[in-house]
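Next up: just one chain, as structure tokens, the form predicted alone.
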């Protein structure tokens, strides 16, 4: 680990002109973290805080400074995707998002066909807001529906109703958005297969271009994890969860949605290019508190809290406390990320990078996984089956220790 951030001013070495080599001409992935929410959902472990005008104004000023720093360090690189995530990015007023977009265009070279996504919560938007987003260049929405059952939304601690979620989708479509994704969560406490299938039947009638269907993950120290631990709620059985995943995936495919990653489905031509870039191992730059970046072999994370984040930006320290990913780490990530996608791992690419034949090196394991219908090998690629995706973490841990 290289430690530069945090040195005393007297000992601090002059900052290099660049934090890393400029990304290739295919373009950089830009992620902007907006760390504000109306309230914390019971399942969420992402960094966020309650929205207030003073802290938000501080955040905006610091973010604009950080954008300028990276534009100069990386010599105004090309950008192929921008993703506003959170938190709740749609809590930011439209005129401030417009300022951020203007700063990005000044500091970076946004490609004409750049995918610009924004996450939105149903109770923070209206028709005028959506029209403003389109006008400033946002061309893809990810609406946090999570469920279309009010009972589930209350359990999750969401601040909107199912009716508001459907209404938000309609307003976005009326405003002119032609690329809308909806986020859903399955495997909730007390949920059964028929409940999940009813959700999918309802949501597919909306005809969104993209659906992200995430299995509920009980993150430590979240309210929902505490309720499960205290036995106030009970999770579905493993068999029920497996049926939800496999049956749900097959139903979505029958409705014209292509599964291209463990949790993501889209109509042809509407795969999320930003997320695909992550899974393909491309360079990405994260801006805002707690945002993570990987540029070349360097990985670094912004400070989590506003005071430390502001100090790092003002001092020019962002990106100076980095980890250098060695060859073994890069190969592990290649396996982990590729096996999340339905394309799977290119075995020839793996051999070129590692100098090893993955199948021969793990012959007994590969045979066992194949025998149990957990993997398939076709045209030089090893990929997980739907059953394999259910236990992807365990398989990846064995194949990329």
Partner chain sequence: MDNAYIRNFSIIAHIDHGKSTLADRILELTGLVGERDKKNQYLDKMDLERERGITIKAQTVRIPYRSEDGGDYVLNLIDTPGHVDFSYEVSRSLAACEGALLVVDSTQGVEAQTLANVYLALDHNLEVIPVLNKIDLPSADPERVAREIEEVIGLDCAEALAVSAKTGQGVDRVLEAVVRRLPAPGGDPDAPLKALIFDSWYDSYQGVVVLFRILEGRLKNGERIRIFSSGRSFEVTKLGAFSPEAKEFRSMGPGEVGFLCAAMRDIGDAPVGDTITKPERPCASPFPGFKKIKPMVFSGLYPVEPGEYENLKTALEKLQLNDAAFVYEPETSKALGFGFRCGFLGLLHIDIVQERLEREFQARLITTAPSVAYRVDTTSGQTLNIDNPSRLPDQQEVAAVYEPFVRLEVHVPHEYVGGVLALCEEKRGLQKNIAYLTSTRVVITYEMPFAEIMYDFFDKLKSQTKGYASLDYEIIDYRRADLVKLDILINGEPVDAFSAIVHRERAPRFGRSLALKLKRSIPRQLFEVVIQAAIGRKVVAKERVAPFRKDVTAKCYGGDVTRKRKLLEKQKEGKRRMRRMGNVEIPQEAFLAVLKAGEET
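All values reported here derive from a predicted model rather than from experimental measurement. Positions refer to the first chain, counted from 1.
Below, we refer to the form predicted in complex with the partner chain, which is not included among the displayed structures.
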Only hit among 169, 317, 129, 279 for heavy atom within 4.5 Å of the partner chain in the predicted complex is 279
Which listed residue (369, 63, 345, 28) meets the criterion of a heavy atom within 4.5 Å of the partner chain in the predicted complex? 369
If contact means any heavy atom within 4.5 Å, which of 93 to 101, 190 to 198, 305 to 313, 255 to 263 contacts the partner chain in the predicted complex? 255 to 263
In the predicted complex, do 112, 118 and 203 all reach within 4.5 Å of the partner chain through at least one heavy atom apiece? no
Looking at the partner-bound form in the predicted complex, is residue 349 within 4.5 Å of the partner chain by any heavy atom? no
Quick check on residue 214: any heavy atom within 4.5 Å of the partner chain in the predicted complex? yes
4.5 Å heavy atom contact, residue 365 and the partner chain in the predicted complex: yes
Contact flag, residue 219 vs the partner chain in the predicted complex, heavy atom cut 4.5 Å: yes
At 4.5 Å, heavy atom to heavy atom, what parts of 316 to 337 sit next to the partner chain in the predicted complex? List them in sequence order, or say none. 323, 325, 329, 332, 333, 336, 337
